[in-house]
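The chain that follows stands alone, in the form predicted on its own, written as structure tokens.
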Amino acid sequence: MQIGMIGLGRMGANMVQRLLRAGHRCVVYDINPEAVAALVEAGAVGAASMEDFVARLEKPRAAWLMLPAAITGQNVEKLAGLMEKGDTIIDGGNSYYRDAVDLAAKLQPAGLNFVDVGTSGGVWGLERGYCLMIGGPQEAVRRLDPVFATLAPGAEKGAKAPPDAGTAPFGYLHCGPSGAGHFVKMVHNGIEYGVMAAYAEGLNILKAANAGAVRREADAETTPLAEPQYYRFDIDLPAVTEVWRHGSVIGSWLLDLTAQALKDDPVLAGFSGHVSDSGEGRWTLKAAVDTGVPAPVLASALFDRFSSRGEAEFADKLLSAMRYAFGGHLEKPKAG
């Protein structure tokens, strides 16, 4: 099948490579000519502009965008102005699901299909495949099935899906109308925040398990460690994460990656601890508030990311100021 791809970054380029390997024909465009040239060498057809890109697509056209959410909407509208009735625009980035709903409604009078595909797999997707959460018109999604089936991981080796299981066991699912795919991916990423925070907090407790063997200051500003004899363990974090990978109930691919990161750099000296959030966690919490669904774990994980970037610094200073104001408590310098 022929498919066009706009946006040839870490995800888009690897997706094109996976499609080419399976025999699909790909037309590619990016504002970076070098990214286009690299995929032309791999067998794709390169385009020099969006107009050239559309002209090289066979009708009914299918154009997939892998762009940052901030510029997806404007590019969808520009692309839509060049396409015709029956063509399909696919957004595979981490866009807000409400934008997908609105874009689909805007394109519908022109007879254009809008398909939103929440795509999970990161830089490993080229080899592992991508989990795809799809929203859009039934017929358009059905026509794109060969592309989805190629990008998805496929059935696990030796596994047989029940006859009525649909495509989910193969790693892709039509979740509903336009917007549903991004909604499911949004919540997926909100959960991801919580799982990552749980691993990080638990491993941090293990890191502190030798607190009883460390000399602690004894003064009015320091809470003493009760029963230090119970905190004299030097835990090998790389080894613990490795053993958890084998038969543990908390085993996961995310744990696999964590174990490798600690093996490569046990003290994580290469990281500052400033953790970004790209929007999905915030959108998940807004949906939780709008629908009245409690989500304290996901909220805590999101707010922790804000703190990691120094957004709690002023509040922390106010706490110190209040303690000094009412009790004359002086700040202690940070350890280390």
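In this text the structure is predicted, and so the values were computed from the model without any measurement. Residue numbers here begin at 1 and follow the sequence given.
Beyond the structure shown, there is the form predicted in complex with a further copy of the same chain, which is absent from this document and is the topic of what follows.
Q: Contact with a further copy of the same chain in the model of the complex for Tyr97, defined as at least one heavy atom pair within 4.5 Å: yes or no?
A: Tyr97: contacts a further copy of the same chain in the model of the complex.
Q: Would Phe183 show up as a contact with a further copy of the same chain in the model of the complex if we use heavy atoms at 4.5 Å?
A: Phe183: yes, in contact with a further copy of the same chain in the model of the complex.
Q: Does Lys85 reach a further copy of the same chain in the model of the complex, with heavy atoms at most 4.5 Å apart?
A: Contact check for Lys85: no, nothing within 4.5 Å of a further copy of the same chain in the model of the complex.
Q: Heavy atoms within 4.5 Å of a further copy of the same chain in the model of the complex: does Ser120 have any?
A: Judged by the heavy-atom cut-off of 4.5 Å, Ser120 is in contact with a further copy of the same chain in the model of the complex.
Q: Among Leu57, Val36, Met50, Ala287, which has at least one heavy atom within 4.5 Å of a further copy of the same chain in the model of the complex?
A: Comparing distances to a further copy of the same chain in the model of the complex, the residue within 4.5 Å is Ala287.
Q: If the cut-off is 4.5 angstroms on heavy atoms, which of these, Ala301, Ala62, Leu65, Cys26, is the one near a further copy of the same chain in the model of the complex?
A: Only one listed residue qualifies here, and that residue is Ala301.
Q: Given the stretches 170-178, 139-147, 76-84, 105-113, which is the single one in contact with a further copy of the same chain in the model of the complex, using a heavy atom cutoff of 4.5 Å?
A: Of the stretches listed, the one contacting the partner is 170-178.
Q: Using a 4.5 Å cut-off on heavy atoms, what residues in 193-209 are near a further copy of the same chain in the model of the complex?
A: Gly194, Val195, Met196, Ala197, Ala198, Tyr199, Ala200, Glu201, Gly202, Leu203, Asn204, Ile205, Leu206, Lys207, Ala208, Ala209, in sequence order.
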